[in-house]
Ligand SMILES: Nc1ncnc2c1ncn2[C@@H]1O[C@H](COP(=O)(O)OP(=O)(O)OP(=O)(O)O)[C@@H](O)[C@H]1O
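Only one chain comes next, encoded as C-alpha cells, the form predicted alone.
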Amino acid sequence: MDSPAVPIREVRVERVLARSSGVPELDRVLGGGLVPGAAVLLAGEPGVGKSTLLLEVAAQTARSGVRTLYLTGEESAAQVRLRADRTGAVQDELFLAAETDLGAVLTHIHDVAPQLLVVDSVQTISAGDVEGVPGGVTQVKEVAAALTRVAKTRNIATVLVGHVTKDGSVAGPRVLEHLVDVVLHFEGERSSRLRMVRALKNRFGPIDEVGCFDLSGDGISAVTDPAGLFVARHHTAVPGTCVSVTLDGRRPILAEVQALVTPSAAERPRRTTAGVDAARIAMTLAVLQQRVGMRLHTHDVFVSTVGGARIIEPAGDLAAAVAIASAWKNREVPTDMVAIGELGLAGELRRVRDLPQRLAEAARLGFRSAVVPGEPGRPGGMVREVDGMQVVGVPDIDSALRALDLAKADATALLRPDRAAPQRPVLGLV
C-alpha cells in the first residue's frame, strides 16, 4: 500500500491543477489546460494534423521552461526536426526520440524526466513480452496501460495519439478509452484548412466545448473567433441566403445557409444538400409546401452552407426555410438579419436553448435584426430591442415569411376564412 486512506479534506490538490498547454483553443476544450498525471488520447484521421498540433503544444510547453519529451513511432527524428524547423517548434527544453519499443520508451522517460510526454502514436509502440503485432488489441491495451501508470506515478501530463477506424471511432479496444482521463477527437475536411478539436470524455472539464484551428504549410494556429469563416459577406443582397447562429458545444457560431430553387424537368426533382441534415431539409420542404403553399414538388432544390460549416442542430431550420423561400420567390432578405428557430411539422416555431447568447453573438458581429420563435404570452410579430438588435418573435413559419415579405401572394394559399388579411412586413424589404 503506497499511502494510507485520509479524510478527503486533507487530500492536496495543488499538484493536479491544470497547466496551460500554450494553445488557448486546446485549453478551452481541456477545461483549462493539461493536468499533471493525466492521460489524454487524441484521435483523428490520418493526415488531419494531429502530429502538427501536438508538436506545437510540445514547443509552446517547452518555451515556458517545462521539460517536454516527444516520442515518435511513425516518423524518424529527422523528419520531425524538419517539421519543427518549418513551424518554429525548435526549443531547448523539447527532447525528441524515435522509438517503437515500450522498454526503450520507458527508459527515455526515466532519463529525461519530462513534465509533458507526447507519444505519436500508441498503435506503433509494442511491448516485447506481450504477444501480438503492434497495433493489435493486446499490444495497444498493454502499452496504453503502461504509459498511463507512468503518467500517474511520475505525475507527468501525457498525450497519446490514436488512430480511428473507417466509421470515425477510436481504433483499438474500448478499454483504451477507459484507461485515459480525456478523449479528444481532431477532425476537419481535407479540402479545408479549418480543424476542430472536440472532447468525447473529460474527467477535468466539460465535454461540450470545441476548439478551432487553422492548418497551413507553416503549421497550425488557433482560431479564437471563427464567426467569419462560415458567413459570406455579400456586397449586395442575394436571393436564397440567410444566416443562422448555431451552437457548437458552448460556442455560438454564425453560419450562412444558401438555397437554389429551379424548375425541374425530371419526374422526381432533385434534393441536394451539403453541410445540413438532408432529413431536416426534406421536412422543411414538406412544411413549406403544406403549411405555406409553396409548390416545390416541381422544382429542384439545392441547400448548402458556406465555408464547410455543418449545421446539425434544429436551430438552423428557420434559416433554411427562409433561404428556400427567398430563392423560390427570388427576393432578397436583409444581409444584416439572422433567423434562429426550430421548425415543427405543424409549421410552428419552437424556441431553442441559449437564445440570448446567440443573439448577443450576432449583435457583436454587426447584425441589426433577428427573427426568432415568439415567447409564450406575447403577440406574434412583436418587435423588441435586444443588445441593440430588432428582434421579431413569430409563432410559426407563415408569420416569419410574412415578416420578411416572403409569403406566397396566392390568396387561396394564405387567406383562409379563419385567417386575417396579410399584414405589411415587419422587417420590410424592397
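Keep in mind it's a predicted model, so treat the numbers as computed, not measured. One-based numbering along the sequence shown.
Beyond what is shown, the protein has a form predicted together with the named molecule; the following relates to that form.
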- Looking at the partner-bound form in the predicted complex, is G393 within 4.5 Å of the named molecule by any heavy atom? no
Check your understanding: Might H163 be said to contact the named molecule in the predicted complex, defining contact as any heavy atom within 4.5 Å?
Key -> yes
Can you tell me if M389 lies within 4.5 angstroms of the named molecule in the predicted complex, counting non-hydrogen atoms only?
no
| said: Please determine whether R28 contacts the named molecule in the predicted complex, using a 4.5 Å cut-off between heavy atoms. | reply: no
Complete contact of G47, K50 and G217 with the named molecule in the predicted complex (any heavy atom, 4.5 Å):
yes
The one residue among R350, R149, R83, R271 placing a heavy atom within 4.5 Å of the named molecule in the predicted complex is R83
In this chain shown alone, the residue from D101, D300, D354, E74 with a heavy atom within 4.5 Å of the named molecule in the predicted complex is E74
Within 4.5 Å of the named molecule in the predicted complex, heavy atom basis, the matching stretch of 50-58, 33-41, 394-402, 358-366 is 50-58
Contacts from 87-107 to the named molecule in the predicted complex (any heavy atom within 4.5 Å), listed N to C, are none
